[in-house]
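A lone chain, given as C-alpha cells: the form predicted alone.
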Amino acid sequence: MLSRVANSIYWMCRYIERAENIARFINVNLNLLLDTTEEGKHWKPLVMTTGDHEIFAQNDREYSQEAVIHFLTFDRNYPNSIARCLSAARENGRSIREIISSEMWEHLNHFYLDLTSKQSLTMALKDPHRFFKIIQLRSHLFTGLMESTMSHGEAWNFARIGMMMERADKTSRILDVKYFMLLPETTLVNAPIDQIQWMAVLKSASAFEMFRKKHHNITPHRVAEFLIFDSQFPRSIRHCINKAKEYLHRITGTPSGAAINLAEKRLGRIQADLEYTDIDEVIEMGMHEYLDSMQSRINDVGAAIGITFFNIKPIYPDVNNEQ
C-alpha cells in the first residue's frame, strides 16, 4: 500500500472519531447544565478537554454556551472544530475514493455538506441536543459502513488504528480535566453535584450504562479504574491501546510479543504499563501526572506511526495538529 493512502485513511478516521467525541462532550455538557446555574464553570472544562483553551482565549471570548459551541463546531480558524475535522476527513476520503467503498464516500460527503449548511447553525443554537445527537449518529453510521462495506485488509487496519489512538487520547483528557480543574473545591467532594459530574464524565465516554452494569456505586476511584484499565470497554485507554497494537501487528506481520519498529515498541511499552499498573499506584503517583504522561506517550505513538509508515516527520509533537 502507498504511504499516501495509508496516511489518508488513518487521518480520515481520526478526524471522524474526533468530531464524534466533540459532539458527545457538548451534548453531555448541555445535560449537565440542567443541574447547575454556573454556566461558565462548565463550558470552560469542555474547551480544556480539547487542549486548545489558549486558542479560544486569543480573541478574549467568554466561556458562554454560544461562544463555545461556535468555537468547537463551526470555527473555520480552529483546526479541531467539528467543521474542520469533517472537512479534513472529506478531503482525505476524496483522495482515496478507490480504496474506500462508495457508501462510505457518499455518507461522508453528505455529512460534511449538511453540517456546513445555514440550517445547521440555526439548529445548533435552537435545538443543540438534537443537533449534536445527529452528528454522533452520523459518525457511528460511518464507522458501521466502514465495518460492513470495506475489506478488512491493510487500509481497514490503518483506519482502526487511527480510531483507537483518537479514543485513547480523548478518554485520558476527559479524566484529566475532571481531576485537575472541574471540581477544585474539596468541600464539594462526595456532594450531590460531585456525583452528577462523575456521571457526566462517564457519559462523555459513552460509559455510564456499562459502568453501572459492573459497579453499583459511582466513586472517583472506580470511574478512573474503569476508564483507564477495563479491558473490555471499547473506550477505555487499555482496550484502545490493546486494539491499536493488534491492528498494527496485522499490518506488519510481527509475532505477538515482538516489536520490529518504533511504533510497535512505543505501543508495547504503554500496553505493558497498563497491564501491570493498577489504580492505587496511579492515585499514589498523582492522577494528573499519570494522565498527562499518558497523553504525551499517545502523541509519541502517533508520531512514530507517521515516521514508520507514512514517511512523515512531525513538525508538531501534538497529534491534535492537523496533518
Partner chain sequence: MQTFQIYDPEDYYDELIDADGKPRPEAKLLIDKIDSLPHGDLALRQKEAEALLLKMGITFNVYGRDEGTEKIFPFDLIPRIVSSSDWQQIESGLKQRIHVLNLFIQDVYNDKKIFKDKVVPEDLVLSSKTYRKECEGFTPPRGIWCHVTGTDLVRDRDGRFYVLEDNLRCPSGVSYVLENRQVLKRTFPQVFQASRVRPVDEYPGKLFELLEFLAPDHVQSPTIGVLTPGMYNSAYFEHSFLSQQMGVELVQGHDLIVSDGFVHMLTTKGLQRVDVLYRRIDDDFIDPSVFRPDSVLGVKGLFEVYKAGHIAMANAPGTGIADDKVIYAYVPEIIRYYTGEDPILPNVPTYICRNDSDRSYVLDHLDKLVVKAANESGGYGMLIGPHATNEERAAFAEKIKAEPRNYMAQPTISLSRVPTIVGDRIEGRHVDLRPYILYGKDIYVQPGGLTRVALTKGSLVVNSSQGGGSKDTWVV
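Residue numbers count along the first chain shown, from 1. In this text the structure is predicted, and so the values were computed from the model without any measurement.
Another form, the form predicted together with its partner chain, is not on view; read the next lines as being about it.
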### Message
Can you tell me which of 167-175, 96-104, 206-214, 221-229 lies within 4.5 Å of its partner chain in the predicted bound form, counting heavy atoms only?
### Response
96-104
### Query
Should R138 be counted as a contact of its partner chain in the predicted bound form, where contact means heavy atoms within 4.5 Å?
no
### Message
in the predicted bound form, is there a heavy atom of its partner chain that lies within 4.5 Å of any heavy atom of H239, even though the partner is absent here?
### Response
no
### Message
I'd like to know whether F132 contacts its partner chain in the predicted bound form, with contact meaning heavy atoms within 4.5 angstroms.
### Response
no
### Task
Answer yes if any heavy atom of N109 is within 4.5 Å of a heavy atom of its partner chain in the predicted bound form; otherwise answer no.
yes
### Task
Check each of I251, M199, L121, M150 and return the one that places a heavy atom within 4.5 angstroms of its partner chain in the predicted bound form.
I251
### Message
At 4.5 Å by heavy atoms, is each residue in W156, K243 and A304 next to its partner chain in the predicted bound form?
### Response
no
### Query
What residues in 122-139 sit within 4.5 Å of its partner chain in the predicted bound form, counting heavy atoms only?
none
